[in-house]
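Next up: the same protein chain in two forms, each one alone, written as structure tokens (structure 1, then structure 2).
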Structure 1
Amino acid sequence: MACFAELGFAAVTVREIAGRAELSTGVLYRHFANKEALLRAAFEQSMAEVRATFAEAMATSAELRLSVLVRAAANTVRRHLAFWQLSYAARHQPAVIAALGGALTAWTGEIVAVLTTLLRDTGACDAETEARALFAQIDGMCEHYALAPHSYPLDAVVERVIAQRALLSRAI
């Protein structure tokens, strides 16, 4: 991820990635067919973390799920800050978006589907639209924190998102 973020996905070579990882190029090719496969594996790791936050939220009562989810997402980014900083830096590159292609669409769809279920369980009328708005809030909050972890008031923003969502659910 560091090579993709710093050098650009389109420009980086497998040799540079292997060198940064202190591996031979052959070892890297033994595990990954090409740099696109390595990129997908790195983003699949981020999806595994997203799925873990969903599991944590879904293990609680319907009325607590939203607050648990937002706090779990923030804690995941906080715990694995270096990875998420690189992930956010890489994912805005056109070459990364092209290389991930359908996988990126599938991951986004998976996130929206889980959030839709979560919000439907709490009584949201237009759960899918609310899910997309919540996804944007959580993702934006996490990205802003990753960009400026020493100055971004993550805990205050987490509580504001939770409070706004609580107000919205009562208004529905």
Structure 2
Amino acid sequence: MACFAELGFAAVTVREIAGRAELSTGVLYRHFANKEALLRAAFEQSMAEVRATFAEAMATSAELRLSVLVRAAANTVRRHLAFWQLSYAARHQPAVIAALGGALTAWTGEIVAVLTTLLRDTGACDAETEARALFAQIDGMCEHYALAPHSYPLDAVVERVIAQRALLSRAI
């Protein structure tokens, strides 16, 4: 995943990936059918991790759920910083999108669905659009942090986003 992110899918050579993993190209091809399969495997790992974090956040009381979820998202990126930097780089590469098929859109779809039910419970009228607006904010925040982890005030923005949600739900 590090290789794919740093140079792009097409620009990385299989030799380079193997070298960085301290493997021969041979073993690599024993475990993965081809370069594309390698990418797919790296991505699936990423998605599984996020899914787990989300599931955990959803297991809290309905009242706190949203704030737990936003903080969980931020902490996931903080803990797996390198991984997310790479993930963000990868998802905009056409070759990557093609290689992953619908997996990428399916994944964001899932998140929007989870947020939609969550916001419907708080009484939002157009819950899906509300969910998209919230997802955009969380995702944007995480990405900006990933781009400049040393200077970005992640906690402050997290708390502001949570405070905004509180104000907005009260305003409805």
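These numbers were taken from a predicted model, which means no experiment stands behind them. If you superpose the two forms and keep the largest set of C-alpha atoms that fall within 1.5 Å, you have the rigid core. Each residue is numbered by where it sits in the sequence of structure 1, with counting from 1.
*Asks:* Given the two isolated forms of this chain, which one is the form predicted on its own?
*Replies:* Here the form predicted on its own corresponds to structure 1.
*Asks:* Superposed on the rigid core, does the Cα of Lys35 end up 2 angstroms or more away between structure 1 and structure 2?
*Replies:* Comparing forms between structure 1 and structure 2, the Lys35 CA shifts at least 2 Å.
*Asks:* Superposing on the rigid core, I want to see if Thr13 changes position between structure 1 and structure 2 - specifically a Cα shift of 2 Å or more.
*Replies:* Yes, the C-alpha position differs by at least 2 Å between structure 1 and structure 2.
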